[in-house]
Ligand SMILES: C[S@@+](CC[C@H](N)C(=O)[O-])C[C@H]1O[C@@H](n2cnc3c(N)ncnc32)[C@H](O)[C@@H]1O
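In structure tokens, one chain follows: the form predicted alone.
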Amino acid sequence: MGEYRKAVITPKIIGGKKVWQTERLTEKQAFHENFPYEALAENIQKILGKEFRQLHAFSAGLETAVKVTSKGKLLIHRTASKVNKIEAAPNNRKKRYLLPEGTVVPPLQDMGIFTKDGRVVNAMYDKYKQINRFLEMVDDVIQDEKKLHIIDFGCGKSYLTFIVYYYLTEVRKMDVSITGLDLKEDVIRKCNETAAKYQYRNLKFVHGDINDYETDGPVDMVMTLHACDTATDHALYHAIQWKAKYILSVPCCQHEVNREISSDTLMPLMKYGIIKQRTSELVTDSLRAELLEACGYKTQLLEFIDLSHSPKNLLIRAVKTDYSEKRREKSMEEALTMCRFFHVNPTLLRLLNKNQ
């Protein structure tokens, strides 16, 4: 079921503590999530029937097979096992990155992330992991694409823009063109100079505002990293209007809903500033995801990087699909219900309503 081929849950020892680790596998990638040792049943319940319909469990002396039928009924079969002991293993397996250390990547060297011999600079290791995580998110959805036109809204210094271009053209050998957009003229000038230095002929940077940006050609992917507040909504709206196949957006500074949100029912969430802000962030991005679903996108809200590195660790990933009109209408109604409950009218909804 879903995008994952299978999931494996194993006991691990991390930081001297026993935990369970879920490894979700696609055809090309593996994604890991750790959870407390006592939460095994809860996490299996989340997966079984929602992501997968079959489960095989191995314990000391017993093997158990569980199947969920199309009607939701559980079929359980148990057999004796020759395994007498199962131990938690230390989590010492080295992470496999799409851009591994030792690779000569000129942009990463010039950005101070790699040394000249391809080693990661210690102080930049979090940035290195962030870059690889984003590449995994991109690589996982584009599958067998051979050609892409990408718009990067709010590209800033363009760490990710350059690395995505490098990976797709040099590693994946794809025909890719990328346009980066930002409000800072000096940043755009420097990025264009750097693209010329690397002879990246299909990578260009433009000075402009996300709100009124226009393009004549087709757009296959829209990506944003920390486009502030409603700039993310305008980026998502453009992607929808262009019928972009892929959207990858890491939101930032969700102030709009925080100014509007209210709820007598959930007053404790509105009473304390920090809780209200975090609630507003969750409401904002949940609404964005549901509105994308209403526009025909299969949408996920994923952990982008570890929360200890940055609180802005959520990524919206959406892939254009052929959802039925009934399903899209249901998603829109759920979004509207949520808006009414919290008394909010977010920018993305207003932009979509403008064209109806």
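Predicted model only: the values in this text are computed from it and were never measured. Under this definition, the rigid core comprises the largest set of C-alpha atoms superposing within 1.5 Å between the forms. Start at 1 and count along the sequence shown; that's the residue number.
Another form, the form predicted in complex with this ligand, is not on view; read the next lines as being about it.
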This ligand contact in the model of the complex: Ala231, any heavy atom under 4.5 Å: yes
Considering non-hydrogen atoms and a 4.5 Å limit, does this ligand approach Lys127 in the model of the complex? yes
Answer with yes or no whether His226 is in contact with this ligand in the model of the complex, where contact means some heavy atom within 4.5 Å. yes
Is Leu266 a contact residue for this ligand in the model of the complex, using a 4.5 Å heavy atom cut-off? no
Stretch from 183-191, 136-144, 272-280, 70-78 whose residues place a heavy atom within 4.5 Å of this ligand in the model of the complex: 183-191
Which one, Cys155, Leu248, Val164, Ile178, lies within 4.5 Å of this ligand in the model of the complex by heavy atoms? Cys155
Ile240, Ile210, Val222, Ala195: which sits within 4.5 Å of this ligand in the model of the complex by any heavy atom? Ile210
After superposition on the rigid core, does the Cα atom of Leu108 shift by at least 2 Å between the shown form and the other one? yes
